[in-house]
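Shown below, as structure tokens, is a lone chain in the form predicted alone; questions about how it binds or moves come after it.
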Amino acid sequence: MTLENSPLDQADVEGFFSLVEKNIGIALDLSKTYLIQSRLSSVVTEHRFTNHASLLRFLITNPVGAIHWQAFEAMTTNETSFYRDSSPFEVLRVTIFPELFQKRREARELNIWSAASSTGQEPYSIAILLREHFPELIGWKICILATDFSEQALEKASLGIYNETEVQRGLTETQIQRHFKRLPNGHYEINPDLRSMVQYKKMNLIQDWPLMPKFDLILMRNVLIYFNQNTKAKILKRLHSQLSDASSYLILGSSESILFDQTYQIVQLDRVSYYQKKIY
């Protein structure tokens, strides 16, 4: 099916971007109009719209339904890889995890939350790091909760199956051989012991949050940059209440900062900033 080229009405673009922000929190302006052409073509084709303009017109004139959520998901950025931005994982290995293990040695329990986990590389990287560097954790109760609003991403993450290019992005050949099973089709399936450490759950950060445990470590990397200031503040307040205590940790993306929020204590270690809740 060949798509007809048709100019996009500015009001329709703004209306669609307003729907995106209202439903998933991502704030877009007219400078991002090109994303409509590059990311919604599959939605246009699958549902046999004449062009992108007709899809937008449908989306802004109909109640939010399945096609809307498909379009919202298409507008998200799911860029991820194993050990993406290696610096935070080095800080986890050298500083954060040893400190947490010391503080939680009596309970022998650790709760970790990978928010916006996309297709699973981040939570599996955490599981791999724990297995490789902390054998003393045998016998501990380790729970890694991984959440995302994208059902498609969560489905892939739950399967734990990746192609050769995906596993080679961030993992050494030794790690691939140790932690994955090569399938007949050339893809790689993560080992069951690592898969069992991660629990996947659908979650929209700007909607009501499900009942969750308090966390010793929360990673919410490269998420807040897509939200407006008001949405950021609301999410940070919620995160604050989800951290176990002042000895818990919040890690954001390398380009994100929350200096405006005085309820967190910032700690700078090499090139990595992490946050801990202030207790008054």
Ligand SMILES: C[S@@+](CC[C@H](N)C(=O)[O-])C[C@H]1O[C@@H](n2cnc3c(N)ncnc32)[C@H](O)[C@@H]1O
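Not measured: the values here are computed from a predicted model. Each residue number is its position in the shown sequence, starting from 1.
What comes next is about the form predicted together with the ligand, which does not appear here.
Across the proposed site, 132, 137 and 181 without exception lack any heavy atom within 4.5 Å of the ligand in the model of the complex. Residue contact with the ligand in the model of the complex: residue 77 places a heavy atom within 4.5 Å of it.
Contact check for residue 144: no non-hydrogen atom falls within 4.5 Å of the ligand in the model of the complex. Taking the partner from the other structure, the ligand in the model of the complex has a heavy atom within 4.5 Å of a heavy atom of residue 149.
Although the partner is absent from this view, residue 221 contacts the ligand in the model of the complex, with a non-hydrogen atom inside 4.5 angstroms. Of the listed positions (110, 171, 116, 128), a single one reaches within 4.5 angstroms of the ligand by any non-hydrogen atom in the model of the complex, namely 116.
Though the ligand is absent from this view, in the model of the complex it lies within 4.5 Å of a heavy atom of just one residue from 195, 187, 103, 84, which is 84. Segments offered: 172 to 180, 95 to 103, 159 to 167, 197 to 205. Contacting the ligand in the model of the complex at heavy atom distances within 4.5 Å is 197 to 205.
Shown here without the ligand, the chain has only 122 in 122 to 144 lying with a heavy atom within 4.5 Å of that partner in the model of the complex.
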